[in-house]
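One chain comes next, on its own, written as structure tokens: the form predicted on its own.
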Amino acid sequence: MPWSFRYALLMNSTLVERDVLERVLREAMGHGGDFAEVFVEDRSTSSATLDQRRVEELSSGRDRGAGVRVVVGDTTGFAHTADLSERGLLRAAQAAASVARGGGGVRAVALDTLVERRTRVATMPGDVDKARKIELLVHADDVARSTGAAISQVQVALGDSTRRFVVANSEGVYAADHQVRTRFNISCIATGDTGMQTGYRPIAGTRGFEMLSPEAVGEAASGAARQAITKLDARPAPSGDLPVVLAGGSGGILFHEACGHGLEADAILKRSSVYAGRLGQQVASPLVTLVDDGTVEGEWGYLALDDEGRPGSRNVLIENGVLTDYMWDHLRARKEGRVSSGNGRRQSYQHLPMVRMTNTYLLEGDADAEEIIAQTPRGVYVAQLGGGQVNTATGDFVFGMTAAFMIENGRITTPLRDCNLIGNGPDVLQRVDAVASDFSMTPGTCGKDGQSVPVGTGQATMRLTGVTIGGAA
């Protein structure tokens, strides 16, 4: 069967018939519900891992089911089922609707014309032979080990997911999407006189297998290996308040965690965010424009439709340092009399949607990255940030720096051992005093309230006038 015909057939196949969805919604609303929604999902995944030249994992899976939620006032009832028959869906609707206590009678629900989207893909991951995937992993291993004799351990993994969903609700929304995501990552360990050091590189996108060319995989492998080898000469990081230069793409996670979560509407409405009630106020340096953008096609956090059937959108949150908006899902936007910003996301059909980021980034400036470094007499250059923690109520954060260097006399010099970056989100936003034009994005996974979703973060090289370094020197 030709690929184009096969793909069209896959897209046009119906997870649940329209008339069944309407009957399920009618049942969900029949006990006094204010709002009801059915989310049906079919997800296929595969993964392969090569560890120390041995295939440790080669797996695939499939998960299908539906979640039904019913809202009555401020109370939400939710039930999910793996039974996609009409009987199974009706039972889930009845369970979710059991939160209603006021009666209200049966309401007719008529769905709008189906809005259908799909990821543009040249090569579906599921069409790629497993042997070809293993060859790619072996190629990455070979490149990493050939980078230097100090490389003692290499682990390579790739995975992909194909996710189809249909969402329908009592307001007439009827939408479907077909999302394809592909990811590759490599971890290397270098061993020397000072012990062991690690290096890591990911490749990820809302794209097909075509993104994993041997050249792209080889570049990531050599980058991870070089990072591990370079860190063998690392010295303890200084401690105290120092200027910090964040490399392009590397610091986006800092702003995602330290600022982005505090701009999600659930935190705002609960008054648990330091940004609550500050619309129109100057909250950052005039050099800072922060955007959450689900429309960046191909990026890891891209979505044509969110998990409530709303189109992904570009939302400017902070413009020239002024707080302009928050991120909204449908229910919280509905409560405030406004429209969703396309930020309603869920991990799977077994989870309720909530306000989540997509691709969150700071717009580039017009400075030169090398000049920013040259104009910094002493500081720390962060090439890669690791994981971190943030308190959204205060904005206080702690992040690990997995690749950092000293800046001395305007030059990048000695590599530093892993250390921490400690600060406060609103304070850091005020300390941005230079932004370059070398914008780039980094893929990541965002965890919130027990759910994980793919996100992108990004920024150009930028300088913070002072941040606390939790070093050992």
Partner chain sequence: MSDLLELAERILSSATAREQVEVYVSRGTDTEVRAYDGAVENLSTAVSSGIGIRVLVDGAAGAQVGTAWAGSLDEDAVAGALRDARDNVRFATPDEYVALARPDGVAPVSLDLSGDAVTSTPLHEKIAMAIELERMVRSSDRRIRQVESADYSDYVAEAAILSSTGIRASYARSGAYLSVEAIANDGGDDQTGWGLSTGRAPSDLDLHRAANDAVTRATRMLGAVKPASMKCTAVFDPRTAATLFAIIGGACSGEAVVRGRSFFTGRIGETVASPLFTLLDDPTDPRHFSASVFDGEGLACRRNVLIENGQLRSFVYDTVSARRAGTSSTGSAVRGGIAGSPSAGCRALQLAPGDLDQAEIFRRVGNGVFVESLMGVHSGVNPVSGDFSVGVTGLIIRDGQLAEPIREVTVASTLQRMLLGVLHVGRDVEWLAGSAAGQTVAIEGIALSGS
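Because the structure is predicted, anything quoted here is derived from the model rather than measured. Residue numbers count along the first chain shown, from 1.
The following text describes the form predicted together with the partner chain, which does not appear among the structures shown.
If you check in the predicted bound form, is Thr392 within 4.5 Å of the partner chain, heavy atoms only? Because a heavy atom of Thr392 falls inside 4.5 Å of the partner chain in the predicted bound form, the answer is yes.
4.5 angstroms heavy atom contact with the partner chain in the predicted bound form for Gly423: Yes, Gly423 sits close enough to the partner chain in the predicted bound form that at least one of its heavy atoms falls within 4.5 Å.
Please run the contact check for Val435 against the partner chain in the predicted bound form: heavy atoms, 4.5 angstroms, yes or no? Val435 lies outside the contact set for the partner chain.
Is it the case that Phe397, even though its partner is missing from this view, gets within 4.5 Å of the partner chain in the predicted bound form, heavy atoms only? Flag for Phe397 set to yes.
Quick check for you: of 129-137, 220-228, 307-315, 290-298, which stretch puts a non-hydrogen atom within 4.5 Å of the partner chain in the predicted bound form? Every other range fails; the passing one is 129-137.
Which residue, Ala369, Ala79, Leu363, Ile203, has a heavy atom that falls within 4.5 Å of the partner chain in the predicted bound form? For this set of options, the contacting one is Ala79.
Which residue, Gly159, Gly321, Gly249, Gly388, is the contact with the partner chain in the predicted bound form, using a 4.5 Å heavy atom cutoff? Here the answer is residue option Gly388.
Spell it out for me: taking the partner chain in the predicted bound form, does every residue among Asp34, Asp42 and Arg278 have a heavy atom no farther than 4.5 Å from it? Not a single listed residue reaches the partner chain in the predicted bound form, so no.
Would you give me the residues of 109-129 that have any heavy atom within 4.5 Å of the partner chain in the predicted bound form, in order from first to last? Nothing in this stretch is in contact.
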